[in-house]
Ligand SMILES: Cc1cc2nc3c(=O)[nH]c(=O)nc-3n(C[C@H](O)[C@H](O)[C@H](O)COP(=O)(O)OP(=O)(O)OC[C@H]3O[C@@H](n4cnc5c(N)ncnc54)[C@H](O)[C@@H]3O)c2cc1C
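To begin, one chain is listed below as structure tokens, in the form predicted alone.
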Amino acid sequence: MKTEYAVAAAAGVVARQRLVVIGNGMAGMRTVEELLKIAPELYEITVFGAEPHGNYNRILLSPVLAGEKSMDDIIINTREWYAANGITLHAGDAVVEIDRARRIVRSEKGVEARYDRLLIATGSNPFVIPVPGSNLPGVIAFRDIQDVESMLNAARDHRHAVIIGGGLLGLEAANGLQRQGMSVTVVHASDSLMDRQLDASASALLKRSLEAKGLRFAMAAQTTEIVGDDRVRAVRFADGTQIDADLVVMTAGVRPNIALAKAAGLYCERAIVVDDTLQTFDPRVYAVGECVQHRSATFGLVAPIWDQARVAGAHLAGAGHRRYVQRATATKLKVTGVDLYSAGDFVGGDDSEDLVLRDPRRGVYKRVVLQAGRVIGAVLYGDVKDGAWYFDLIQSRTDVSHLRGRLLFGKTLCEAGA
């Protein structure tokens, strides 16, 4: 199937259209990369990014904080890459207005760029819990390179860190700050760490392992105030107790960054609503990443965002045969010495069954959730070598009824007995 671009190119009548990308992060730039694979000459591309850098891998901020990687290690697209691909980059200059009637965007620094197609990839904003003291110096989020630099600076001069939020990002921040020499307490509102990715048993094993590394936890704790004058000095809870804090890191979730889209009159609910082609209600405007809502779902992991980028890139290139389909996602924790893997629907329902293996001596826990003879979810702790295999079974919806008795013992044993 020839794209519109290919047909026009063959006729020798290609006029370059103008594509403006709002957001210089992973989702937007991956979409541009996918577009360039198919139709590298179709657009004049202009990119606006709020941060004064090229595109970098936000997922690897945790290893940078832990001292395992440098800033240079996580750069995906250098400024030379933009130049080589003829892309105009306005780094450190966020877009503040979309004029859909005139098809123009305007930036903080007064730059105006006209578009034929617009791609919005504004990501998300960290949720800062609205308690007294949340705006004190020493209270930060964990979303970008500047946040990592702030944490590294704090670790040089201060001792006590409190992480508010015991999810994936919070635990990675806690590990990194501890590796930088700080005394770290993780405050979590529920009884179980990583409660969106783990069941209670795996969560308990994780907590025990992290405590053995020296991390402290305040579970089922409701933060009511961040105490301090010219800088944070403590965190106070609903029961009246408090703990010392020179640094507070908010990792209690994110909210899709949709203010710009809403102001432009694009249809938004929790996020910017898109169809299966990642197109908004305005056919000239596409959106990808953490700022979008597709069939009532929003997204925070990289795998679905890569899928969105492939679809949006193809449609922007005129090869409009792809559709975005939501799939199961997998989670790993980037903490040295902790092996943890979670995928799919680990909660299950009335018509599902759990296969569970516990080996306390080895610190191993496995739970595989079956429904109608197919794997729909898996939680692995301590032994994760078969995580990708279980994930493949989830995605392929393979009937594993004949493997039920061996399923917990992994791929090798199952294939040997097949």
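So that there is no doubt, residue numbering starts at 1 and follows the sequence shown. As the structure is a computational prediction, the values presented were derived from the model and not from experiment.
Another form exists, predicted together with this ligand; not displayed. Remarks below refer to it.
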> Does F142 reach this ligand in the predicted bound form, with heavy atoms at most 4.5 Å apart?
Replying inline: yes
> At the 4.5 Å heavy atom threshold, is A50 in contact with this ligand in the predicted bound form?
Replying inline: yes
> With the partner left out of view, is V128 within 4.5 angstroms of this ligand in the predicted bound form by any non-hydrogen atom?
Replying inline: no
> So in the predicted bound form, does M26 come within 4.5 Å of this ligand, heavy atom to heavy atom?
Replying inline: yes
> Can you pick the one in V338, I75, L152, V302 that has a heavy atom within 4.5 Å of this ligand in the predicted bound form?
Replying inline: V302
> Which residue, K207, K334, R117, H294, has a heavy atom that falls within 4.5 Å of this ligand in the predicted bound form?
Replying inline: K334
> Where does this ligand sit in the predicted bound form: which of 361 to 369, 50 to 58, 376 to 384, 345 to 353, heavy atoms within 4.5 Å?
Replying inline: 50 to 58
> Listed by sequence position, which residues of 252 to 272 have a non-hydrogen atom within 4.5 angstroms of this ligand in the predicted bound form?
Replying inline: N257, L260
